[in-house]
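Just one chain follows, in the form predicted on its own, and it is written as structure tokens.
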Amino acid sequence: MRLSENQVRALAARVVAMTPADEAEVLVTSNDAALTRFAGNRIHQNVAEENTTVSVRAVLGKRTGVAGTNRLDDDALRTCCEAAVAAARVAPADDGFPGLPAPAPFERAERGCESTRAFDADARARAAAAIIEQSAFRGLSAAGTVGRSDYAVAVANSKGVDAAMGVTALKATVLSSGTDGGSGWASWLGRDANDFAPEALGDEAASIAERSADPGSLDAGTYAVVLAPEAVSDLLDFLGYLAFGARAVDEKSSFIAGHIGEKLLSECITLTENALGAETVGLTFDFEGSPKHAVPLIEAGVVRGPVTDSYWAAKLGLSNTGHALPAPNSYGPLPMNLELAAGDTRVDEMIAGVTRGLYVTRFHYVNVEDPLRVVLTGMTRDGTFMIEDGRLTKPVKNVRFTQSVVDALADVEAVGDRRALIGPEEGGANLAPALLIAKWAVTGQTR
């Protein structure tokens, strides 16, 4: 059974008191998740999981150790606390460790919706059927998921941190495919199941699949591209992971290191890390219980940032922006709720401004070639189209690209006037518009 906000809060405080260490921190996560999968125009799997995990971080001087359990009886919890302490005893000392953070008030946001909690197997089946129907009547085949999560998180420490929050999220995906090489993708993410329109989602994917039938070839080269929000979100994920954490800046593996305050990107680009935004999902405190703050990362092309946690804030002499990941954490602080500011251009207006280029629905199998310039290589997928003389024309086979995100965002010519929430159903998400980018390097194509 998923524990309530008050129950996870009480459990975290109780385990802190059990931990025989100089300082102690406890993270409790209680989750009730369910997922319906469909393929070949029929539901083939329903899965559900309820689980509560407890993670203990014990501090002995400048040494820390972490242990976890999902058994909640007193004996198991004490054993977990003792294991964390034992790990701390043999851990190397970190002279830069500032101690656990002190308590600070966090901004509460209502992130739990009863409509989503009530989105049971029958509701998911009806949603899946509505999605599938949009492909089935066109002679296409639909595959995808409808998933619901309802979780509560609490963080407590021996310095008085006491943060707890409940969150819900609903996510659906659909891949619609035909026998003639066409495929289309669509996804939806939100807190409130009442906002979910499965028929529209199914129609979006099926319409792309119909239009992408019988794709043609494309030569390698540099093209103007219009990227749909799903593709833009992939770029934001890598940008946040590689460039806007304090550790990457300190280690000079980020393109913003030594350039804060300089204009490096298009003035069309304003990027903010904002877990407090009205449209996003996830927690408003981090995994140390520190309040999350809205952090400007790029303002009209000018570099700001980065995000910090208690450790890296102390190390770099910055304020703590509340972006700690669960301990042990080798990545440092990372943004989890990126917002790219909307522009004033409709997607059809972007397309109308391109003489010869590509429209990209989403990317697939993206990997990093150079972290400093955020050079990525990957494929387009499920809806790639030529733009010729301001119109979408023929579909093309999936293409491979090798492109610096930094260079691409310096060449942005227009930003979409609508944004979509893209991401996992837990932890955070990106709010992304479409982008018109002047130059994008296509390096190959599937056969």
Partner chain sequence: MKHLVSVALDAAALAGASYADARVVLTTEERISVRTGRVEAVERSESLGIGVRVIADGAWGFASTSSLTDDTIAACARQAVAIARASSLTAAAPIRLAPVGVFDDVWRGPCEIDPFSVPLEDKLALLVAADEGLRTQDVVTVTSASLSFVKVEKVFGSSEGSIIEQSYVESSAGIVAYALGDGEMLPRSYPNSHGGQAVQGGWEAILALDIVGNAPRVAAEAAALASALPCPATTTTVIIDGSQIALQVHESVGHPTELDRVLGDEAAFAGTSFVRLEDLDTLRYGSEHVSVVSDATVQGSLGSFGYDDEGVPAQRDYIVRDGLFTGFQSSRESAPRIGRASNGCARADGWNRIPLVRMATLSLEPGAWSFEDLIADTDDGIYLETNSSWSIDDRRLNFQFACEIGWEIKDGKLGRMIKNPNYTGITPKFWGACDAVCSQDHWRVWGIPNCGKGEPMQVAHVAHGAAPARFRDVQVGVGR
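Numbering follows the first chain given and starts at 1. Quick caveat, the model's predicted, so the values are computed rather than measured.
Beyond the structure shown, there is the form predicted together with its partner chain, which is absent from this document and is the topic of what follows.
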{"property": "Heavy atom of residue 192 within 4.5 Å of its partner chain in the predicted bound form", "result": "no"}
{"property": "In the predicted bound form, residue 381 touching its partner chain (heavy atom, 4.5 Å)", "result": "yes"}
{"property": "is_contact(residue 390, its partner chain) in the predicted bound form, heavy atom dist at most 4.5 Å", "result": "no"}
{"property": "Touches its partner chain in the predicted bound form: residue 66 (any heavy atom, 4.5 Å)", "result": "yes"}
{"property": "Its partner chain in the predicted bound form reached by all of 50, 175 and 251, non-hydrogen atom within 4.5 Å", "result": "yes"}
{"property": "The single option of 294, 327, 136, 341 touching its partner chain in the predicted bound form, heavy atom within 4.5 Å", "result": "327"}
{"property": "Heavy atom within 4.5 Å of its partner chain in the predicted bound form - residue from 410, 39, 60, 386", "result": "39"}
{"property": "Per-stretch contact check against its partner chain in the predicted bound form, the hit in 67 to 75, 224 to 232, 316 to 324, 208 to 216 (non-hydrogen atom, 4.5 angstroms)", "result": "67 to 75"}
{"property": "Residues within 4.5 Å of its partner chain in the predicted bound form, restricted to 305 to 319 and counted by heavy atom", "result": "311, 312"}
